[in-house]
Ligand SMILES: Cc1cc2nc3c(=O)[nH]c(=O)nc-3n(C[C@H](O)[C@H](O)[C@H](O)COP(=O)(O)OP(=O)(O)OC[C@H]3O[C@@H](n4cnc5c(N)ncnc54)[C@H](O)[C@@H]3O)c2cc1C
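So this first bit is one chain, no partners, the form predicted on its own, shown in structure tokens.
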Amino acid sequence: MRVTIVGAGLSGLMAARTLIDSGHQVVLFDKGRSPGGRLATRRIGNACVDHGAQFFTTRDRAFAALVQQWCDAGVAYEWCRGFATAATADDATGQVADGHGHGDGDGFARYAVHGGMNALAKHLAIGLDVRCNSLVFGIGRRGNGWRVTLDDASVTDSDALVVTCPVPQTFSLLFTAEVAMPEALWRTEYDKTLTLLAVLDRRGAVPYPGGLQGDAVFTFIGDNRAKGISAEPALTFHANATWSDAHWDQPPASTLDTLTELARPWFGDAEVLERQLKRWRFATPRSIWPEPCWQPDGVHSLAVAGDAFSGPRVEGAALSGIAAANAVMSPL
């Protein structure tokens, strides 16, 4: 088959790899400058910062096997097995009260990626036809297949279609193709996340092993050098959904200043050399569809996937993409 995939985040990339491995022809369109979606890494001078997903865990056996392949290939590695919480961290010393850094105590390995999370996307994209800076404007039926139209009016025809955008964007695209999604699915709402990236002149006060959860404002604080991806001290701060929503429409410069002040206890004695603000409009789905992907009744050539299906973790996005690929390859 010829298969078009809309979205080259992790779900789209995993769908593409599954289809390619089964002998199909695949093209992926993504509006971003590079594949990966929230597998996002940015370089700020000599610093390297993950500003989307910070790590991933494995619960599913099939996903664990994939992660082992990535580790064997030198792409991923085990970062740690738990983080400190704000309640156990001493911001004066940057150490954890119990000395171990296993703040949540669940024992699951946290995996990171050499060179930052986006390096995993680049690894998965090797050999794929990924067309970035390509905004999909419309989707329509063409016989038994599909036609995808870009904003430059170019068209691509295919036998099957996988759509991995955030659900509100997917709904808008499929509406033009007269594909009716279940109301409970298309009404999926997402939490927003405002993110502060701060490059420091020396080590900050984020405790071992370089991650902190449970701060009053920040859901996660990551030390990118402690994680092993940055040559220079650089911290990532993800504001929680309530704070992010309340400040979403504020001027970016004002939001950046406010976040910097809120983050200051975790700078320790360090000075901020550079700071940036990142906005994630569709950061985390508030509800999860019970199946790993969705298909219209009687239409096996279309599948919708993403982190709103198998869960908002990296693992969920990957498994949803694989499920969508298998769905469009299965006969009615």
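The shown structure was predicted, so the numbers you read here are calculated from the model rather than taken from an experiment. Numbering starts at 1 and follows the sequence shown.
Here the subject shifts to the form predicted in complex with the ligand, a form of this protein not shown in this document.
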query = Among 134, 188, 230, 158, which has at least one heavy atom within 4.5 Å of the ligand in the model of the complex?
reply = 134
ask   = Which one, 25 to 33, 65 to 73, 267 to 275, 289 to 297, holds residues whose non-hydrogen atoms are within 4.5 Å of the ligand in the model of the complex?
value = 25 to 33
ask   = Hey, in the model of the complex, is residue 325 touching the ligand, heavy atoms inside 4.5 Å?
value = no
query = Any of the heavy atoms of residue 263 lying within 4.5 Å of the ligand in the model of the complex?
reply = no
Distance check, residue 193 to the ligand in the model of the complex, heavy atom within 4.5 Å = yes
inquiry  = I'd like to know if residue 6 sits close to the ligand in the model of the complex, meaning any non-hydrogen atom pair within 4.5 angstroms.
reply    = yes
key: Within 4.5 Å of the ligand in the model of the complex: residues from 237 to 272 (heavy atom criterion)   = 238
